[in-house]
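Just the one chain here, laid out as structure tokens, in the form predicted on its own.
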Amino acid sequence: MSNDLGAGRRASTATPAQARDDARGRAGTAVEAMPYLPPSSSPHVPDGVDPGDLVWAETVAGPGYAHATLARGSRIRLEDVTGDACAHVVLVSALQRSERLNVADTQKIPWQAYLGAGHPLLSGDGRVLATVVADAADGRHDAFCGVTTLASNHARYGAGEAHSATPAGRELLRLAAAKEGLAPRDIPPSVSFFKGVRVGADGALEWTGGAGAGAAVELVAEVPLTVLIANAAHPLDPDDRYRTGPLRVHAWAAAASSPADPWWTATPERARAYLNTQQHLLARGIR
């Protein structure tokens, strides 16, 4: 028998009993990209957060995907570990799954196309699903381009399937959605964090890149919320390589925003959106 590691592994899993023992022997193994269970065991707990308050802790591979359904008031922190992550995010109301992120209203209602602190992420029903409450990424985000597709990645990289080396963002979102009981038709256009796009004077989209290692953004869930994330290359990334890096995700029990927060009354349209959300929750007995 060969002494190489590969051969050893094949021999150790030749029977169900050996496969069971091999799997049990890997318990406790830590790798760069993994969910931390329980969340309080995360080695990267955000500053000022009690580990016991964490409800979701995960490092998402680059490329990779993640998903969770969270309570209203959950605070969600996304961190670009190496400067190469791109978090394509889709939000779906857990109260009414036909209500999803609408990027057009997310730009239109605040009269602001560029995401940053205080920016509401709206549904097509004029309600706020989440608010960007902190931005340490220099506004390097995008609400214009969405994600790459299977066809576009095949044309550019030669493959775009979810389990290929160059998966399309759309394919990863489909997997995340399926794990939450959602179908491909339930996936609207996403917003993207950590890779920036601006509109030039001539109307063309201009790539502004990322903010570097350690950039972070925090959202607060204004309603019970299903979060889908694809960590995949941005459609406008000019690098010929398929470049992605790890993305850290933490969420913890906190509180939804309130009329005391400045973004509630920053414009009449924002105030209406938050009041619409409040009424929607009150009608369901949620305060």
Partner chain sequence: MTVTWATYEAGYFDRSEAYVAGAAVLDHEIAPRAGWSAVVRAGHVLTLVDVGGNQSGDCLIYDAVDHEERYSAQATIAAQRNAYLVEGSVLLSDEGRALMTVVGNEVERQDTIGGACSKESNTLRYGHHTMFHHACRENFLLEGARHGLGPRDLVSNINWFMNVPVEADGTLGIVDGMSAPGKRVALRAERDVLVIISNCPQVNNPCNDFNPTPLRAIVTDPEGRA
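Numbering follows the first chain given and starts at 1. Just so you know, these numbers come straight off a predicted model, no measurement behind them.
Only in words, not in the display: the form predicted in complex with its partner chain, which the text now covers.
I need the one stretch from 77-85, 130-138, 169-177, 212-220 whose residues put non-hydrogen atoms within 4.5 angstroms of its partner chain in the predicted bound form. Comparing against its partner chain in the predicted bound form, the contact stretch is 169-177.
Exactly one residue in 146, 160, 118, 196 has a non-hydrogen atom within 4.5 Å of its partner chain in the predicted bound form; which is it? Selected option: 146.
Of the options 253, 61, 236, 49, which one has a non-hydrogen atom that comes within 4.5 Å of its partner chain in the predicted bound form? That would be 236.
How about residue 12 - does it come within 4.5 Å of its partner chain in the predicted bound form, if we only consider non-hydrogen atoms? Taking the distances in the predicted bound form, the answer for residue 12 is no, it never comes within 4.5 Å of its partner chain.
In the predicted bound form, does residue 71 come within 4.5 Å of its partner chain, counting heavy atoms only? Heavy-atom contact with its partner chain at 4.5 Å: absent for residue 71.
With heavy atoms only and a cut-off of 4.5 Å, decide whether residue 109 touches its partner chain in the predicted bound form. Although its partner chain is absent here, residue 109 would touch it in the predicted bound form, with heavy atoms inside 4.5 Å.
In the predicted bound form, does residue 165 have a heavy atom within 4.5 Å of its partner chain? Residue 165: no contact with its partner chain in the predicted bound form.
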